[in-house]
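Next up, structure tokens for two forms of one chain, structure 1 and then structure 2.
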Structure 1
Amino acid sequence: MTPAEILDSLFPAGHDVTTDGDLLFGRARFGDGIVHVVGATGRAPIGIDQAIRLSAAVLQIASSDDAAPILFLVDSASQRMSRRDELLGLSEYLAHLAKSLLLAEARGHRTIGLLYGGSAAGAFIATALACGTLVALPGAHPEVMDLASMARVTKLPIDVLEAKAKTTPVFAPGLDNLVSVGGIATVWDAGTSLADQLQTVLATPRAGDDRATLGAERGGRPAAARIAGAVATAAQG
């Protein structure tokens, strides 16, 4: 689905979301209220310029008292790994964007990421995974790290990583694996009303970060929730 098709299905009552290059900004009528919309689209990499503009939009919403949710549409490449962006502190810009989303959630604005295309590495972490709830459309292709990059970092042969990826979802890119480890809460049905599916998400209370629990229930990350719980208990004692 294109961004225009997604927005039309999400907001049949209308919206004022506009595009600015590969970014989206605006808001839409939804039920008796509104939904704020931001987005990174077009499979474009996210550099410092995009990150600071997205952060500014999120912080402006966070400073408002409307308690309206934020929907973050995501279809990007990795972060922009240019000399300029790296020298100017790209990692700090991405961290600032992620913290802006966390702040918005803490101030009462539900943050829902909608991954409908690609995203990878730091750009994926600072946008989609930084949202309180992440959903996806069929055909989305997330990558925390692609196997070729993982091979360079770990010094393991690519065929070894490919074999591990078949049985261990945390090694593997792709939609099914991110669902299995709990990173993606649910995959929406593109053939039915996205508005109804968004309403279901908003109607479901969110009590903390449940991704490790989902990963355990789905068998993709069986130990994370148990270990985190044990650490929390030990810290309280």
Structure 2
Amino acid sequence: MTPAEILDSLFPAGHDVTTDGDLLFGRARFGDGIVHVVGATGRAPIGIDQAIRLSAAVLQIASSDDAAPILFLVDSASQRMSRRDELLGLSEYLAHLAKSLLLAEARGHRTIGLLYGGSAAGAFIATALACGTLVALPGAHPEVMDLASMARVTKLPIDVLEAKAKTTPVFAPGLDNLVSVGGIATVWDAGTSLADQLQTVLATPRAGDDRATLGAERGGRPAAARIAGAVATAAQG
């Protein structure tokens, strides 16, 4: 689906979302209230210039008292890989964007990430994975690193990696694998009303970070919830 099709299905009562390069900003009417919309689209990399505009919009929403949810549409590449971005401190810009989303959530705005295309590595962490709830549309294709690059780094032939990827979800790219490790809460049905599915998410109160629990239930991340719990218990013992 394109961003325009997604927004039409999500917000039949209308919206004023506009594009600014590969970024989206705006608001939509939803039920009796509104939903704030930000987006990183066009499968574009996220560098310092994109991150700072996204964080500006999120912080402005966070400072409002409307308690309206934020929907973050994501179809990006990885973080922008360049000498300039690293020279100027890309890690700070991406962390700042993530912190802005987490602050908005703490101030009463639900943050819903909607992954409808690609996203990878640091860009994925600073956008979709910094939202309180992350959902995806079929066809989304998140990855930490593509298998060809992974083959270079791990010095394993790509056919060996492809064979291993069939037996474990823990390292290979793809939506099913990210669902299995608990990173994505739900994959929506593109054939029915997205508005209804968003309403379902908003009607379900969020109870803490449940991604490790989901990963254990789904089998992709068997140890994380247990280990984190054991450390937290020992520290408070």
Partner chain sequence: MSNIRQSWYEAGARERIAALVDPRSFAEFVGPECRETSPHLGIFNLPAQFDDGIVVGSGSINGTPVLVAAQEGRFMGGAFGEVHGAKLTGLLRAAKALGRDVVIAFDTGGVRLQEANAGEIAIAEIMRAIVEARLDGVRVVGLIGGRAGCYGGGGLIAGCCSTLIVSEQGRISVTGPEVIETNKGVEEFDSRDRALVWRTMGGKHRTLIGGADVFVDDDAAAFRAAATAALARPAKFDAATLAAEQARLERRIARFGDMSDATDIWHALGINDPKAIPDMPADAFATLAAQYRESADDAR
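All residue numbers here follow the sequence of structure 1, with the first residue given the number 1. The term rigid core refers to the most C-alpha atoms you can superpose between the two forms while keeping them within 1.5 Å. Predicted model only: the values in this text are computed from it and were never measured.
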Task: Selected structure - criterion: the form predicted in complex with the partner chain - done: 2
Task: Threshold 2 Å Cα movement between structure 1 and structure 2 at Leu147, rigid core reference - done: yes
Open item on the list: For a quick test of reading the superposition: does Gln199 move by 2 Å or more at the CA between structure 1 and structure 2, rigid core aligned?
Closed with: no
- [ ] Would you say whether Thr168 is displaced between structure 1 and structure 2, judging by a C-alpha shift of 2 Å or more on the superposed rigid core?
- [x] yes
